[in-house]
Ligand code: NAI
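Only one chain is shown below, in structure tokens, and it's the form predicted on its own.
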């Protein structure tokens, strides 16, 4: 029987860079992309974490290579892009997932130091990664960029103002890139995870997680990293060619509940 659909839902053979890929949502994304046949550049500042993820992917039959990178280093980003192209021959997909938080009240003595670090990792690095990889994404013919923000990108909580501002910036940056660069054929979209079970939330006691989820999340639970990874995968599919500038909430309904 002849298929009626014409657009592909496969990323097999595509080359994907995933930053912050040694743990949490980045690790889940690297695993999922490799499972779907992509060749994955596993990028993180954690050397051992990178080695573990690459080993896991290869043992499962996938293709991956690891690179250690502090995303605050502009020269390191340039070198990474060159190395990935040398290794895989192209860059089709860029997932800007690396992120940190440094909770601090506005009056804290070290606030400005934390502000600079959070902005460098959570926002400025996204710009640098895109600028470094853009010519290759354009050459792909179906380049995809997904920036990982947060529900903090559309709301706010106390004592994490640097993180909140950075994630609002990621949302705005994604939309600006989508408008400015859409004509090049590269799409730019944003995923905003809500409360997810990652290293960033690991120190929160389970009882507190459960209480928060009951009160704030319509689905009544924290999400899992793989659930975010699948949303990210959807945005990089060849078939997702007309989605540009979208902000996709992956939060169990948290952001829409009054």
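Just so it is clear, the model here is predicted, and its values are computed rather than measured. Positions refer to the first chain, counted from 1.
Below, we turn to the form predicted in complex with this ligand, even though it does not appear here.
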Residue 17 within 4.5 Å of this ligand in the predicted complex, heavy atoms: no
Residue 23 within 4.5 Å of this ligand in the predicted complex, heavy atoms: yes
Partner proximity in the predicted complex: residue 178 to this ligand, non-hydrogen atom cutoff 4.5 Å: no
This ligand contact in the predicted complex: residue 97, any heavy atom under 4.5 Å: yes
Complete contact of 70, 150 and 167 with this ligand in the predicted complex (any heavy atom, 4.5 Å): yes
This ligand in the predicted complex: contacting segment from 56-64, 37-45, 211-219, 229-237, heavy atom within 4.5 Å: 37-45
This ligand in the predicted complex - contacting residues of 104-140, heavy atom within 4.5 Å: 121
